[in-house]
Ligand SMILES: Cc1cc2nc3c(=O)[nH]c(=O)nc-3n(C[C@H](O)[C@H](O)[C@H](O)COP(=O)(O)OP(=O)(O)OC[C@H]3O[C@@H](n4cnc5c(N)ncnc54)[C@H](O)[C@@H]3O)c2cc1C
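First, one chain by itself: the form predicted on its own, in structure tokens.
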């Protein structure tokens, strides 16, 4: 059991609990903040969303996350805001977001409403221009069981008009939202207190010692936890004493930087980088132009704010979306080894991502090891890299794929070079499709001739389809999966070469 110092709404509190306790249990059970609702307890409904304030890259930011999948230890030194905290200091007990919901009758039974209010407040706090598409992305993980979506859209449009002139500079935006009573005064207080609280937390740890890293890592059931978005779905009520190694609390696991090693330039992405941070990174967007368009194909905004890149890999799902993308980018992983008092991040080994998966849910990772980072080989000219990701699922968004696939290549002297193709959902592990890769590698790239390009696309798609042996399960039959491999491979060509006329040739 640890003593965690957390700013809860407008008060710093010392909370004694296991670091691995789901935050929702403390929020509701010990703190008595009942506006945070317990719904699905799998991060799918958004009813339990809370606002978390923390410094990232030197800037204070507030993001909405599902508290049912959040380890309590991740709140240490941070600012937790629930619906009760939002109304502190407001006139009439309503924030402008709440007022918009009330005036537009956007709340019916009210069970989902706190989560919507939290998610839209987080959206307003992001330093970007407001539009309807952005607002709908912000609430894509919130479900209204009374089907009040038309009224919610009206409320959102009111907010866009009301706050269209918000400043884009992060600090100025937060101050403007505090002045407008969208955010409580405790946001300003936290900004002033945060550096002091870091010291208080350090002293607090010395006065209330918990398990040492060695004791923790050698204890039965030791768990290394990324975002918790997979772990807590399977383990919603962890045993007493659950104290995982929280990599999101370790700055050394959250960096994104270029490095040069053995004559190769890499873009190294820390294992604790969240999915949201991955797609938002200017370095990643520079290295893989256009990758940001695929962000909304991964879960919901609430989950993307919490899920980590390393966690998506070690979960070892055969249809993990981020893993599929990284396989197509020819990624490697950097694995750090445990030493007496922790993990030695200088004592590492590397492993090709495609070789990391040994079988269904089996990975090349010892109990004494942790993924430190993921490396993508850098292109001399990133603008020459072409990348596409496709998936087939029962729902367009917020669903696990039946089949997914990604492709990456360069066009050099009008030929395909450095081709990598991944397939998920067609084997016990995520795979690269050697047959299709070999067929495309070195082939002529007739971008000006849609007919020839269409024939090439069909040959590549047929090769990929013929080389897989999927199984049938609840998400799709063997025949369905094989046909989707073919169709999704064609979709890559249509997406990447949309101006070549290939779509018209493939689908006249």
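All figures in this text were calculated on a predicted structure; none of them were measured in a lab. Positions refer to the first chain, counted from 1.
Missing here is the form predicted together with the ligand; even so, the following discussion is about that form.
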> Between the options 354, 390, 321, 268, which residue brings a heavy atom to within 4.5 Å of the ligand in the predicted complex?
Replying inline: 321
> Which pick from 138, 376, 402, 224 sits with a heavy atom within 4.5 Å of the ligand in the predicted complex?
Replying inline: 224
>> Within 4.5 Å of the ligand in the predicted complex - does that hold for a heavy atom of every one of 432, 478 and 484?
In response: no
> Just to confirm, residue 84 within 4.5 Å of the ligand in the predicted complex by heavy atoms?
Replying inline: no
>> Is residue 30 part of the interface with the ligand in the predicted complex - any heavy atom within 4.5 Å?
In response: no
> Would residue 44 count as touching the ligand in the predicted complex under a 4.5 Å heavy atom rule?
Replying inline: yes
> Looking at the partner-bound form in the predicted complex, is residue 51 within 4.5 Å of the ligand by any heavy atom?
Replying inline: no
>> Counting any heavy atom within 4.5 Å as contact, can you tell me which stretch out of 87 to 95, 391 to 399, 415 to 423, 178 to 186 lines the ligand in the predicted complex?
In response: 391 to 399
>> Going through 230 to 256, which residues have a heavy atom within 4.5 Å of the ligand in the predicted complex? Please give them in sequence order.
In response: 230, 231, 233, 247
